[in-house]
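Okay, so here's just one chain, in C-alpha cells, the form predicted alone.
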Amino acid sequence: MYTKLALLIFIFMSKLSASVVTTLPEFAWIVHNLNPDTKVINLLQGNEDPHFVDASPSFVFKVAKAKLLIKNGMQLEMGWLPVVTQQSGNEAVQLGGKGHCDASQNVNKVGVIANYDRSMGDVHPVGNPHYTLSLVEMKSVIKTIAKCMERVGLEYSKDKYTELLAKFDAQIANVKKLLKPIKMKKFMVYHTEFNYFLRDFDLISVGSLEEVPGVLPSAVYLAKTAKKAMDEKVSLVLASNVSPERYLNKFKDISSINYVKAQMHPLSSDDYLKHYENFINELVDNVSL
C-alpha cells in the first residue's frame, strides 16, 4: 500500500515538475517557440487577474523543481509570487538567483513614478507592468528570456530565435495596416492596461474612466467623463476582461459610447500572435466609423 502511495506521489510530482515555470502564458509560449522540447509549466491561465491570485500549494510544487522561473515583474505578481518562491525552497529561483528571470528588465517602461504616495491609487511606481500587450516590448522580452535560458544551461535554437523576432516584426507591420482606418479615432480606457499599446501605434487617448487608478469611479466623475468623451467624440472605451462591467455599462448608457473588454493575456493553449491579432480585429470591428 505504501509503495503504491509513494508511486502516486512520485507521478503527481513529476507532472508538476518542469525545467521552466512561467507566471503568464505568453512567456511559456515564447520558451516553447525557442525550444519546443523544453518542458514548460505556466501558473496562470490567461483569464485571471495576475494582481489577485492565491499562492496555492500547486504553485509551490511547480516552482520547487524549476531550473528557471520567468515572471512579468514590475510588481505585477508581488501579492503572491514572493510567497510561492520562498515556500518552494528552490534557491535557484529566489530573487537574485541564477534561475530567477524578470522578463521586464529591458522593457522601455512607461508610468515610472519618482515620488509615489498611496493617494495616487493602484499604480506601480516602478512603471506600468502591462507591457505584454506591446509587440514592441515583447521583442525585448524574447531577448531577455533567451539570455535567462542560456544562464541556466537551457538550450534554444538560434534559428527559431531569429524567426520569432521576424514574426513579431511582420505582426507589427500587419497591425499598423489593420489600424490605419481608425488611426485618427479617439479612445478612452477604463484602467491603464493599454498604455503601451496606445504608445506603440500612436493612438489617441483622451482619458480614463477611473479618477484614481484601482478605485471605482463615482457617479459624478463618470458623468463628467462621459460628457468629456462626447465632446471629444470618443469612438470606443478599451477595458480588460477583469474591468467591472457595471461601470462600463453605466458609462455607455450615459454617453452611448461602446466598449470592448479585451482578454489581456492568451489562454494557455493559445498562440500569442494570433491572440493579439484577434484583439486588434475586435477593436477595429467595434470602433464607430
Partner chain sequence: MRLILLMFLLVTSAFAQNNNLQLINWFAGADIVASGDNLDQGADKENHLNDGMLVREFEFSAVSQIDQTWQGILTLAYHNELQAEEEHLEVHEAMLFSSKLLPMANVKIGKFFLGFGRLNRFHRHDWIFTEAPLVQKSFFGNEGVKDTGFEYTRLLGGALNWKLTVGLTSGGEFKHGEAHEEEGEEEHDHGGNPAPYEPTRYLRASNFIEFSTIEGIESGVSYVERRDGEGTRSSYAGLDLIYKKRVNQYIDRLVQFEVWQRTTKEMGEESFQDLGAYLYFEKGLNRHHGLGLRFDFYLPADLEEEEDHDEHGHSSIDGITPMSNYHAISLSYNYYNSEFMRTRFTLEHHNGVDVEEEEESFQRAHLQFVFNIGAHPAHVY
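The structure displayed is predicted, hence computed values, not measured ones. Residue numbers count along the first chain shown, from 1.
The form predicted together with the partner chain is left out here; the points below concern that form.
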| query | finding |
| --- | --- |
| 4.5 Å heavy atom contact, Ala64 and the partner chain in the model of the complex | yes |
| Contact flag, Pro181 vs the partner chain in the model of the complex, heavy atom cut 4.5 Å | no |
| Contact test in the model of the complex: Pro36 vs the partner chain, heavy atoms, 4.5 Å | no |
| The partner chain contact in the model of the complex: Gly207, any heavy atom under 4.5 Å | no |
| Partner-proximal stretch of 91 to 99, 151 to 159, 170 to 178, 125 to 133 relative to the partner chain in the model of the complex, 4.5 angstroms, heavy atom | 91 to 99 |
| In the model of the complex, the one of Met78, Leu165, Val110, Ile113 near the partner chain [non-hydrogen atom within 4.5 angstroms] | Met78 |
| Contact residue in the model of the complex, chosen from Val40, Val53, Leu222, Leu236 - any heavy atom within 4.5 Å of the partner chain | Val53 |
| Partner contacts for 238 to 255, taking the partner chain in the model of the complex and a 4.5 Å heavy atom cut-off | Val242, Pro244 |
